[in-house]
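The form predicted alone is given below as one chain in structure tokens.
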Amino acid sequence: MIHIKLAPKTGSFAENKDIARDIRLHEIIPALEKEREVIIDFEHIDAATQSFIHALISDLFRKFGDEVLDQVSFKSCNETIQKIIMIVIDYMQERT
């Protein structure tokens, strides 16, 4: 299992799509390719943009399909971040 704490990389407002892309490419995808579970931890993050979340997880659905949700979990998300994650997941599931 890999535990990714976002706050040290993003601060309390997760908005930088380049950071999200780097986390996806260098941490999430390599772990999933090794069939490891991934915890994406939003502790100490007050807000995130939809574009950040999209850059972080949308490509996972293209590469691994909807089954990726069996390996990826989200931790310490406030209600607003939970809603954004669900919007992106719903959008990607409609497209695949």
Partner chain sequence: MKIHIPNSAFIGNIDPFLRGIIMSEPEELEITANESWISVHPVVLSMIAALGLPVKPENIRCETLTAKSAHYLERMGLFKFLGINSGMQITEHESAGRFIPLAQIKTSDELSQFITDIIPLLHLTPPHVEAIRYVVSELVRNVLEHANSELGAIVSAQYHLKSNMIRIGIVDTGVGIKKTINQSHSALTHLAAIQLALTPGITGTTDKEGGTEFNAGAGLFFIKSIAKVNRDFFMIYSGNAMYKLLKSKTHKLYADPFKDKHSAGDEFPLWQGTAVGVDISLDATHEFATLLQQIRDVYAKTIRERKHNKYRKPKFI
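Values in this document were obtained by computation on a predicted structure and should not be read as measured data. Residue numbers count along the first chain shown, from 1.
One more form of this protein exists, namely the form predicted in complex with the partner chain; it is left out here, but the text below deals with it.
When the partner chain is considered in the model of the complex, residue 77 lies well away from it, no heavy atom lying within 4.5 Å. Taking non-hydrogen atoms only, residue 62 approaches the partner chain to within 4.5 angstroms in the model of the complex. For residue 47, a non-hydrogen atom is located within 4.5 Å of the partner chain in the model of the complex, even though that partner is not displayed. Proximity of residue 51 to the partner chain in the model of the complex falls within the 4.5 Å heavy atom cutoff. Taken together, the three residues 15, 21 and 55 all come within 4.5 Å of the partner chain in the model of the complex, as judged by their closest heavy atom. Residues of 63 to 92 placing a heavy atom within 4.5 Å of the partner chain in the model of the complex, in sequence order: 79, 80, 83, 84, 86, 87, 90, 91, 92.
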